[in-house]
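Quick heads-up: it's one chain on its own, the form predicted alone, in structure tokens.
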Amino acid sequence: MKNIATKNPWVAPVIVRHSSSGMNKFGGVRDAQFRDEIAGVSIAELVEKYGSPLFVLSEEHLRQSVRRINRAFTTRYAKVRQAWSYKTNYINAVSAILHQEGCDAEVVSEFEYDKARRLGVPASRIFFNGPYKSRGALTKAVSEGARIHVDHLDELALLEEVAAELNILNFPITIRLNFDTGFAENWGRFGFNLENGQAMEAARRIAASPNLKLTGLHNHIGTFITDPRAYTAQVGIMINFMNNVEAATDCTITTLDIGGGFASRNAMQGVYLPPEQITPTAEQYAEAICGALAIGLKDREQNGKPLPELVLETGRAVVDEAEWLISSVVANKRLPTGQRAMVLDAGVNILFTAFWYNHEVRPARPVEGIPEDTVLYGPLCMNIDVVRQSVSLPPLKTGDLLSFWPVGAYNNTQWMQFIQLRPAVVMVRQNGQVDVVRRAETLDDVEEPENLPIDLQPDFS
């Protein structure tokens, strides 16, 4: 019988631009083109034991990041509190570690409030923000002594009713402000506007209420703020309003909550410079904020007023760089444009921040071959499922592993069971042990809340 040689399928030729191997466009050489471990634990071993895709947290990284922020501020100002932003990542193990490190809780819903209370956080150490708090949620929070931040006049009226029903006098509250710093877009949908008089109107109403008293001011200027001067302007405006409102209503402000918004070393889409060049350090943020406090409050104690407590609602800057996502290559493709594409087992359903950031992507092993511009798709049957629109990668095989970083902020809270179930989250502990802090979901987890009426049961007999 005659042997017939099999032919390889024809592939259209592609012209690939050669580039200097390890150099980026700014002339810098990256330390490595692959990552084979996280916190000293092999990525391949993690996937073999816990599956792919897989989120991996580093306890050491998490503790060190929150300590650095705390050290940067407490060495520059006498009264500082960090309040962990639950919406950023409310996995219990993450929140518990940050509470061990001394953080309070900052929540924006009854769900998050209950989550913090179940973790053992005293109500007095919970800052309750957000534009919607039901009567039941306010009743619970007031009766337990939480620190409530009022967002609008309707909420203020409801809070007055709740305090009166509970026979509580002079319940201390904070009002959220919005104003123009000249550096960041004014988030005018939240809080009371300062420029048009809403904030002063709210303060006067509180002063007239026997059930409430104004003790705090809160403002959040935005997210991923990379210019510390924005915080300098914010603090100056808040101190000026504090002086005016104290003079107008005879209240005493004991808390200045400047929100969050500190950036991480993530690469925001549309920003030309790399993260290491535009992301301020914790010390740079602290210098700008505490310097403005020192200037604005220099005569406060001499005038018989206490120095207000500085509250930081830290989120992304604490957790983002402490977590990685591991994903596997499931297919290689060549697009009609000639661009190479890879299909991964992780999509935008679990990496929601891929819509805004170009996460660092690295193979989990050294790979030979010429790097090529590649688009990375997830496994979802949706055209929007793109986890990187363009990244230079060497040729990879089915089963090869890729790590995405930083992914600790907002992915474990905004993910969803869309087409695919949500994967496990593990944490590498400081002693090298690996703990599952959230197991992978099953079909039973998704269907447990459902109810199928008997008459709707399909019959394929």
Ligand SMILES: Cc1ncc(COP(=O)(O)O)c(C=O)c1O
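One rule holds for the numbers: they count along the sequence shown, beginning at 1. Just so it is clear, the model here is predicted, and its values are computed rather than measured.
There is also a form predicted together with the ligand; it is not shown, and the following applies to it.
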Options 313 to 321, 235 to 243, 360 to 368, 139 to 147; stretch whose heavy atom lies within 4.5 Å of the ligand in the predicted bound form: 313 to 321
Heavy atom of residue 87 within 4.5 Å of the ligand in the predicted bound form: yes
The ligand contact in the predicted bound form: residue 187, any heavy atom under 4.5 Å: yes
Heavy atom of residue 171 within 4.5 Å of the ligand in the predicted bound form: no
4.5 Å heavy atom contact, residue 415 to the ligand in the predicted bound form: no
Option touching the ligand, based on a heavy atom within 4.5 Å in the predicted bound form, out of 347, 308, 191, 260: 260
In the predicted bound form: members of 424 to 456 within 4.5 Å of the ligand, any heavy atom: none
